[in-house]
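The form predicted on its own is given below as one chain in C-alpha cells.
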C-alpha cells in the first residue's frame, strides 16, 4: 500500500471518530477478533485466516478507554512517521509514545512494549494494512542469493542490488520488501528455502543457485515477516517454492508456517503464506533410504515428541496421509535428524540430495 493510501486510511479513522463525537456518540472502531477461537484453516485457499467474529472498541467504556486512547496515539504517531518519511522499529515506536501523556503527569502511556505491539496488530486488522505500511520495521533475518536484481528506493536514494554478486554473505532481506522495492529481473527456475544459515553457506559456496538456476534463501530458522513476504512475491511470479528443513517437528513447523501462515499472523492471510510450497526434506524416510544417515540420528526429547503430537492435531496437517505417516514415525521411533547430517558422507552431498528430490518429485505436500 502506498504512503498516500495509508495516510488516507489513518485520516479516515480519525475523521470517523470526530464525526461520532459531534453526534454525541462514543468514538468506536471495529476489527476482526484475533483470538484462537476465530482462527480457521480455509481449505479452499490453503492458508490460515481470521473468521467472521468481530469486536468493537469503545472509548466510553471503563475497561476499554485506556487501550482505545493508546490505539489512537499509535495511529497518530505512525501517520507522523509517514508524513516525515521516517521509519522506526516497534521498539522505537514504544519509546516515542511511552511518556507522551504530558510532563506533569506521573504516568506513562505504555508500561510495557507488549501493550503497544498488540495494538499495532489491532490497527493492522482494523484497517487492512501491514505494519510495514506504517513505516514500522521488524528484525531482519533472511538472506538471499541468486539471479535476481532488485531496485530499492529508500531514504531518498535508489540502489540497484544484484543478488548474484553478493559474495559469501548474500543479501540481507529487509523487513519491508513491498514499499519502494521492485524485483526488476528474476531469472530463476524455482525458489529453494533452506532452514539453516550454515547449510545456506554450504550451498552458496558450491554456487548451487547458479548451477541449478534458483533463488537460494535461508530464513535462519523461523521465517521473519520480510522473508515470508519475499517468498510470496517470488511465488507470485510463478516460481515453484521448495522448502528444506531438519527432520523434526520444529523444522517441519517452519515449513508449515511458510505454507499456510501462522496463527499469530492469521489476520494477514494470503500476504504471508505460500500454499503452493512443497517440502523436499529431510524426512524420516530418508533415514531408511540413505544408509549413512542411520548412524547420525539424534534421540528425540520429550518436548520434540510433544510438538509432533500437537502437529498431528492440526487439521491443515493431519488431512495429508504423507505427513501423518512421518509424524507417527517420530512418535514410535523417537528419533530426529538434522539437515546438517547430509554432510556426513561428503560435504557436496547436500546439493546432490536436493537435486534428486526435485528431479524425482520426491516431495511432501
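Numbering follows the first chain given and starts at 1. These figures come from a predicted structure and were not determined experimentally.
Form predicted together with a further copy of the same chain: not shown, discussed below.
**Student:** Which one, 278, 220, 130, 79, lies within 4.5 Å of a further copy of the same chain in the model of the complex by heavy atoms?
**Tutor:** Selected residue: 220.
**Student:** Find the only residue in 283, 71, 257, 204 having a heavy atom within 4.5 Å of a further copy of the same chain in the model of the complex.
**Tutor:** After the contact test, the surviving option is 204.
**Student:** Each of 96, 175 and 348 near a further copy of the same chain in the model of the complex, meaning some heavy atom within 4.5 Å?
**Tutor:** Heavy-atom distance to a further copy of the same chain in the model of the complex: all three under 4.5 Å.
**Student:** Using a 4.5 Å heavy atom cut-off, which stretch among 121 to 129, 263 to 271, 234 to 242, 84 to 92 contacts a further copy of the same chain in the model of the complex?
**Tutor:** Among the candidates, contact is made by 84 to 92.
**Student:** Wondering, does residue 55 line up within 4.5 Å of a further copy of the same chain in the model of the complex on heavy atoms?
**Tutor:** Residue 55 lies outside the contact set for a further copy of the same chain.
**Student:** Give a yes or no for residue 343: in the model of the complex, does one of its heavy atoms lie within 4.5 Å of a heavy atom belonging to a further copy of the same chain?
**Tutor:** Yes, contact at 4.5 Å.
**Student:** So, residue 147 and a further copy of the same chain: in the model of the complex, are they within 4.5 Å at any heavy atom pair?
**Tutor:** Residue 147: no contact with a further copy of the same chain in the model of the complex.
**Student:** Under a 4.5 Å heavy atom criterion, is residue 252 part of the interface with a further copy of the same chain in the model of the complex?
**Tutor:** No, residue 252 is distant from the partner.
**Student:** For the heavy atom contacts within 4.5 Å of a further copy of the same chain in the model of the complex, list the residues of 129 to 153 involved, in sequence order.
**Tutor:** Sequence-ordered list: 137, 138, 140, 141, 143, 152, 153.
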